[in-house]
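Only one chain is given next, in structure tokens, and it is the form predicted alone.
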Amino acid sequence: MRLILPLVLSVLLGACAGGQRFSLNHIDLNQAMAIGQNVVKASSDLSDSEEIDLGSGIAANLLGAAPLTQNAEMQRYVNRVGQWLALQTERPELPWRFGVLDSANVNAFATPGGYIFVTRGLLLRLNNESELAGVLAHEIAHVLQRHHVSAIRKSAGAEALAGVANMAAAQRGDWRSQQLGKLFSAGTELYITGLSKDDELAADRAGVVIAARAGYHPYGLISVLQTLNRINPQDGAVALMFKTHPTPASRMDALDQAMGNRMARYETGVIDTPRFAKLKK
């Protein structure tokens, strides 16, 4: 399944033609904020290929629970926006893949190596493209800072994660399968238990920067959090997201304290595009 997943995604999401190009001449966010530079050292000993291998297995588990929606136009659109955002990061070489899960729940997920998913339920609640960019950028930030890899290390044990590096040379197929199964299970469980509050808030901060760097209005994510804050917490569609994330109100407060008005000069960024309006029809 891990070998098939990249092919399935590439076919369903279509060719990764670059998204709409926005002028970046007025943006110099390298001086405004640093992103992805304080990665947990314990998670940095996996190579990119090992991280991708780990993430593809976890992504396969997620797709087993909620398959990709069959709306090819929606898949291509989300992939184009996501690819453009990923190009603005310090890991553009990852084989980034973006997709929409066929679920009415409101949520978004990332796995190591660059697999990003949003649910159809979340996408249909968004109001413009900058909000989509904010959501995708938040998930991209988790990958950049290897939050899931660090959490898996704590859950499955350092020896299990270190074993990934030896799998290619392993002669015993049962041992390899056992190690992979342990890691995939630990990784998949994170989508039920959630990452730490600090990881989520760090991804919010970095996501705002990534979106602005890509030419979007920097507060698209804030708009999404405002929408989520208005939803009844007892609504089953948001139950898992509210369980695995800090409250929308606390996330907005944290962003306000971290950012202040330092991003105000980037408020000329793109808020919406005709292609988003077309998608919502």
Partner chain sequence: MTTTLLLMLGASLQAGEPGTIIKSSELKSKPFADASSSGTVEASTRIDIISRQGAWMQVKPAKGSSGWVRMLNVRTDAASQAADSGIDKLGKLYKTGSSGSAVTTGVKGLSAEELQQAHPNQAELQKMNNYRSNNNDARQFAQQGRLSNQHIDYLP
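These numbers were taken from a predicted model, which means no experiment stands behind them. Residue numbers count along the first chain shown, from 1.
Beyond the structure shown, there is the form predicted together with its partner chain, which is absent from this document and is the topic of what follows.
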Is there a heavy atom of residue 210 lying 4.5 Å or less from a heavy atom of its partner chain in the predicted bound form? yes
With heavy atoms only and a cut-off of 4.5 Å, decide whether residue 97 touches its partner chain in the predicted bound form. yes
Counting only non-hydrogen atoms and a 4.5 angstroms cut-off, does residue 205 reach its partner chain in the predicted bound form? yes
Just checking whether residue 146 would be counted as a contact of its partner chain in the predicted bound form - the rule being heavy atoms within 4.5 angstroms. no
Of the residues 110, 81, 135, 152, which one places a heavy atom within 4.5 Å of its partner chain in the predicted bound form? 81
Note that its partner chain is not shown here; using its position in the predicted bound form, name the residues of 201-236 with a heavy atom within 4.5 Å of it, in sequence order. 205, 206, 209, 210, 212, 213, 214, 215, 216, 217, 219, 222, 223, 226, 227, 229, 230, 231, 232, 233, 234, 235, 236
